[in-house]
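The data below hold one chain only, encoded as structure tokens and taken in the form predicted alone.
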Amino acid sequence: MSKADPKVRTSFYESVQNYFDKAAVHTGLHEGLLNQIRECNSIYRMHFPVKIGDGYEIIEAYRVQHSQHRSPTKGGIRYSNHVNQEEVMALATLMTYKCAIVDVPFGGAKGGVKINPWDYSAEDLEKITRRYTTELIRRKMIGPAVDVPAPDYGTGPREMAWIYDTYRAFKGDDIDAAGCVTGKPVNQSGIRGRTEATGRGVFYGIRELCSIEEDMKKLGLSKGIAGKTMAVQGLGNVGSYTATISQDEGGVKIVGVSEVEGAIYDANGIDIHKLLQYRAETGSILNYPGAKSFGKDQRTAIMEFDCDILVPAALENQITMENAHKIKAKIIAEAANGPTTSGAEEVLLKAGKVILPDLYLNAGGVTVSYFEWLKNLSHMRFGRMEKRFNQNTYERIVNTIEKNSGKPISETEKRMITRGADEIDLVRSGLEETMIGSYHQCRDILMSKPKVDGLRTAAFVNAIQKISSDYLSMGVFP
């Protein structure tokens, strides 16, 4: 396997493979097994016509299944005019490792449709989505036991509902049809908490890192997430939820934000709710009251903002050899897929930075997608069986305490203490447990292997070891 030259600018896919190769040497596994884990199993490139207006457009699209060591395969579908085969391969590859790290029993996959979704009407997008789904059905590349898509950049619950409806039209006798896709609207077999899941997972990961005093001391920071300063690149689904949850639940001060139109900075803090409202009203974050503005040609200035935590939540290859040395943040929390090139990572690690890698940190989406898939297969809402039982049990305990202590408990406190868990409570609890447990698995590898130089390499080692165990148990490699 080739070794990356940090002086050469690498593509997204090359960076992913370089990260794999860097970690593989720490596993002690046979090269043949490593090569099987490394390569994409299935790549489907398609072109199909769709009637748009008075004519037809030929749409280019992809579905890549990286690994079937676990079934079904799992991964989002992005709509972007930057989609190409190599990008989809990289994203599918990351999905395999991501699922392994958070112990979600899926192989990795990804899809892409090469369009700018904002150039099309809702009616045209529906035509494109349904035709893309039809192509996947014809090639047997979608189904609750085969391959389960989800939202990604440029798509959301609406597109997932179209996919579900199209699949159901072809597979009307499949009782588990709802499990063919996740990220659906809640009223169409979706799950509460899915929309915020990736951003919430990012928050849990950052919070867990900041909770370890030993690691914070190395960075010259105090223990705990409260009071830390954060800059967020990208206010899409992931970036906006990361920022709002970090601010509201973690006590983080948001000092910088960037979007396509530019960037803003305010050392005194930016109320992210007010900023989102301001952008909805004006169409831009620029000239937000009290903040310094940087125009479209300076939007990458966010990388140089003075802050504790930098959250790249946009697209890949944002931190490169050209700007890595300018980053002041001590923690780089990769909310996006592939925001840091392999060469830039070496620069950051040598500078003493901590990188929370994408294949761990943004796994909240696939974790909650897994919960949605389980809900669809079980045909039962989370909490339906136990909520009232737990609530009644808690009420009896509180009444006993009140009776024995002789001290009354207010009705407000009673309701808060005795409340049974709803679906969203269980989803958030499961996500929190997953992100905390997975972080410590990766950190333990980092601490136990002196030659492993960062959390990303540790995360890859963790993923490779788990995937290799699956392959070996299958008897493919005796």
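The first residue of the shown sequence is 1; numbering continues from there. Just so we're clear, the structure is a prediction, and the values are computed from it rather than from any experiment.
Although not depicted, the form predicted together with glutamic acid is the subject of the following passage.
Distance criterion of 4.5 Å from any heavy atom to glutamic acid in the model of the complex singles out Asn337 from the list Asn337, Thr341, Gln233, Ser246. With the partner omitted here, the residue from Ile206, Ala313, Ile101, Met95 that has a non-hydrogen atom within 4.5 angstroms of glutamic acid in the model of the complex is Met95. Across the proposed site, Lys110, Ala150 and Ser369 without exception bring a heavy atom within 4.5 Å of glutamic acid in the model of the complex. In the model of the complex, none of the heavy atoms of Thr133 sits within 4.5 Å of a heavy atom of glutamic acid. In the model of the complex, glutamic acid sits within 4.5 Å of a heavy atom of Asn362. Although the partner is absent here, Gly76 is a contact residue: one of its heavy atoms lies within 4.5 angstroms of glutamic acid in the model of the complex. Using a 4.5 Å cutoff between non-hydrogen atoms, Ser258 does not count as a contact of glutamic acid in the model of the complex. Residues within 4.5 angstroms of glutamic acid in the model of the complex, judged by any non-hydrogen atom, belong to 68-76 and to none of the other stretches in 137-145, 298-306, 68-76, 374-382. Residues of 171-187 placing a heavy atom within 4.5 Å of glutamic acid in the model of the complex: Thr182 alone.
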